[in-house]
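In the block that follows, a single chain appears as structure tokens, in the form predicted alone.
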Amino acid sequence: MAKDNKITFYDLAISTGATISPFVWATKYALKHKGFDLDVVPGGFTGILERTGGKTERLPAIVDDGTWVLDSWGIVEYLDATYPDRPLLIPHESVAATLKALDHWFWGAAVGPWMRCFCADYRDLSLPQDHEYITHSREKMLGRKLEEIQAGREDRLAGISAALEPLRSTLAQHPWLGGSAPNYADYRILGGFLFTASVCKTPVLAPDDPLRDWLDRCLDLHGGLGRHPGLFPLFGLEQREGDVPLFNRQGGLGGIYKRNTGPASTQAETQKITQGMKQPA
């Protein structure tokens, strides 16, 4: 059990001091959700194996009174199993299953594309000793020079923002992805936004994006955990002529979230979609 309510947390940071990994960010929030204090071991991408005494070359990793736990999902499962009397991160297995689908969509829609928009900045903002590793490894992953991949990002940012409508629609109906209170669903998706904020030298969301309310509340959780001075502003992207709308100002996704309470609730829409239709004799 955690000694003095403290768990050792291996951070992964860049030169600004901000955490860089979305998985490490999600784990940091998960530990705070459980009410633990963090004994932070700082560092960047190089030297992880040495810092952890050969236990791992990837982060996140925690040590709970001598017990090593690796991997973001493994850590969450461990925390809920070991400390069930504290607020649960995954209150039901259905949350884990649904979140994995949401996480997969979010990476394809936003985190991966944002990474390509800021991959050279990501390298430049990292610790000096990490530049060579990030250049080589990310160019291997992405298949081209980082500068080539990042070029033209101003033409892609609007489309990435527009792709986030499912998230906006959900958060218009519920205060948190966890429902009435935040859980690991909020932290996991927030991790992608905070990763982006650590490297986005230009904003990625409109100033009045509906996601702002949820994001601001997430950043304020656990004593303002997400309000790190090394993060860049997410909001401030301007609509350009010819770009797709940055978000749907009408809200909602068609009839998905509408409530049928009888003819009075559907009459206006019925009239609109049947206008001009030949009426039966």
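Note that residue numbering begins at 1 and tracks the sequence as displayed. Here the structure is a predicted model, which is why all the values come from computation and not from measurement.
Keep in mind that the form predicted in complex with a further copy of the same chain is missing from the display, and what follows is about it.
- a further copy of the same chain is not drawn, but in the predicted bound form it has a heavy atom within 4.5 Å of Thr266.
- Using a 4.5 angstroms threshold between heavy atoms, His136 counts as touching a further copy of the same chain in the predicted bound form.
- Although the partner is absent here, Arg58 lies within 4.5 Å of a further copy of the same chain in the predicted bound form, judged by heavy atoms.
- Among heavy atoms of Gln150, none comes within 4.5 Å of a further copy of the same chain in the predicted bound form.
- No residue of the trio Asp37, Ala81 and Gly242 has any heavy atom within 4.5 Å of a further copy of the same chain in the predicted bound form.
- Of the candidate stretches 90-98, 119-127, 190-198, 205-213, only 90-98 has residues with heavy atoms within 4.5 Å of a further copy of the same chain in the predicted bound form.
- Interface residues of 152-173, taken as those with a heavy atom within 4.5 Å of a further copy of the same chain in the predicted bound form (partner not displayed): Glu165, Pro166, Ser169, Thr170, Gln173, in sequence order.
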